[in-house]
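For reference, the chain that follows is the form predicted alone, supplied as structure tokens.
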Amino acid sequence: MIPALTDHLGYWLRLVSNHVSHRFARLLDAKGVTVAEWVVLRELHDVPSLAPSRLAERMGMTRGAISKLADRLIAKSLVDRQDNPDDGRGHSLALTPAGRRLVPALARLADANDAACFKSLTPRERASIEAAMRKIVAARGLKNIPTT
């Protein structure tokens, strides 16, 4: 007998993940930002600047993908591309003042999305699920930041 889709834990994880991710994407879209752009903005928020290659490594993306994201964020005046004074060929990415002001507002959207999506859980249930997910991440050596 072939198991039903709902017999797999992965089915339930994906169902919830899709709902949470799509809801958050809609919230971000209303602010003119994609999920991948949000991740770039959030990664740049805590540092003065970051080389695109380092950002690509942290996000588990190619340098080309980071370049395209950076170009979009530069066009939106949220990120600046700065020349590296030590290497004429290199550059780094940094938030503009507008980007720096936007990140906390987007973080509040992320918090609100989590609160809305997981409000049916008790704090203990939520902590248990998070602990289980962190255990899987550690056991599998997962490192890439989700962007979709």
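All residue numbers are counted from 1 along the displayed sequence. For clarity, every value in this text was computed on a predicted model and none was experimentally measured.
The form predicted together with another copy of the chain exists for this protein as well; it is not shown, and the discussion that follows is about that form.
Participant: Quick one: which of 75 to 83, 90 to 98, 118 to 126, 62 to 70 gets within 4.5 Å of another copy of the chain in the predicted bound form, going by heavy atoms?
Facilitator: Partner-contacting stretch among the options: 118 to 126.
Participant: I'd like to check something about residue 111: if you look in the predicted bound form, is any of its heavy atoms closer than or equal to 4.5 Å to a heavy atom of another copy of the chain?
Facilitator: Result yes; residue 111 sits at the interface with another copy of the chain in the predicted bound form.
Participant: Although another copy of the chain is absent from this view, report whether residue 27 comes within 4.5 Å of it in the predicted bound form, heavy atoms only.
Facilitator: Heavy-atom contact with another copy of the chain at 4.5 Å: absent for residue 27.
Participant: Using a 4.5 angstroms cut-off on non-hydrogen atoms, would residue 54 count as touching another copy of the chain in the predicted bound form?
Facilitator: Outside the cut-off, so no.
Participant: Could you tell me if residue 47 has a non-hydrogen atom within 4.5 Å of another copy of the chain in the predicted bound form?
Facilitator: Residue 47 lies outside the contact set for another copy of the chain.
Participant: Taking another copy of the chain in the predicted bound form, which residues of 26 to 46 have any heavy atom within 4.5 Å of it?
Facilitator: Contacts from 26 to 46: 35, 38, 39, 42, 43, 45.
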